[in-house]
Ligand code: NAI
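Starting off, we have a lone chain in the form predicted alone, written out as structure tokens.
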Amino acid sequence: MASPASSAPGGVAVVGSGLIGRSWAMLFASAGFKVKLYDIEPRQVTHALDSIRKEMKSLEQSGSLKGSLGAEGQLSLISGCSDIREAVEGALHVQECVPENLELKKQLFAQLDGIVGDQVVLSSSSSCLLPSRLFSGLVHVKQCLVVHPVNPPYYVPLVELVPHPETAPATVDRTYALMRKIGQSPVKLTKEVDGFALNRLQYAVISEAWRLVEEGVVSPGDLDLVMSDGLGMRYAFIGPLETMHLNAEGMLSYCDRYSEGMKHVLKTFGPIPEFSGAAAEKVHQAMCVKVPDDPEHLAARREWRDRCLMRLARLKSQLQPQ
């Protein structure tokens, strides 16, 4: 086994310099951590650092930069490299952000397993790959878990912590504390499940939304309004369970009043949609009327979305219950 990496404090390695990797690097730097951003392609690293600089400067100008340090101070904490051993040297946390490909991720974690020591947390940003598939057979499996952010992580704080069956509880606790330190909102899953928590909820909503449009019950535009101007308004502050609790005289009262009606409606749900064919074309056309699918329009709409998320995050922080 390779000798343990240096245990210099404050070291984080971000492996993969795409959108998620860049966002993670910015989050860790905002909390004062030294970050090494790794990619196998040096040009990718250079491009990523340039993108981070532009985004941080823009955030600073708009008053939306996270952390107590200014943009230059945070940028000084982020360095790039294309040597994996150099990237993890001194790191106590490794955040993997390579493309969502099981074999690619397994190869990477096998490589990391032979480099790191016994104190380094190895985490994956995977949105759907189960820890038991990612980390099986690793020497340092007790130090491994999925740390799944929500895109874009810099603007949406939720992080799902999903352990491997052999992950040490201390690994989860330590990662939970780290996520809180960098301003994220971690949730602990006690065991792995396909889709984790967020995507299971998201896919349930998408599935029924698709059926309602496919069956001609509602137009794609109006369907999105049901969420953005309806459910999403309150779900931005409280979840479905607290919504139930508040919409009656407590949870037991809600269940007593509405359980039969809920079960009746749920039994009418259809099979899983195919997400293809005429329905896909109908939804696609409706979305393109609102946001054309060329890169320029999509990028502009994403930028608008991110600005909205920043303002919502500010409002939520101001309205936190005492």
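All values derive from a computational prediction rather than experimental measurement. All residue numbers are counted from 1 along the displayed sequence.
We do not show the form predicted in complex with the ligand, though everything after this point is about it.
In the model of the complex, at least one heavy atom of I40 sits within 4.5 Å of the ligand. The ligand is not shown here, but in the model of the complex it comes within 4.5 Å of a heavy atom of P99. Remark: L104 counts among the residues lining the ligand in the model of the complex, judged by a heavy atom distance of 4.5 Å or less. Although the partner is absent from this view, Q44 contacts the ligand in the model of the complex, with a non-hydrogen atom inside 4.5 angstroms. Judged by heavy atoms within 4.5 Å of the ligand in the model of the complex, the contact stretch among the candidates 161-169, 69-77, 145-153, 222-230 is 145-153. With the partner omitted here, the residue from L138, V120, L108, L178 that has a non-hydrogen atom within 4.5 angstroms of the ligand in the model of the complex is L108. Contacts to the ligand in the model of the complex (heavy atom within 4.5 Å) from stretch 16-39: G16, S17, G18, L19, I20, G21, Y38, D39.
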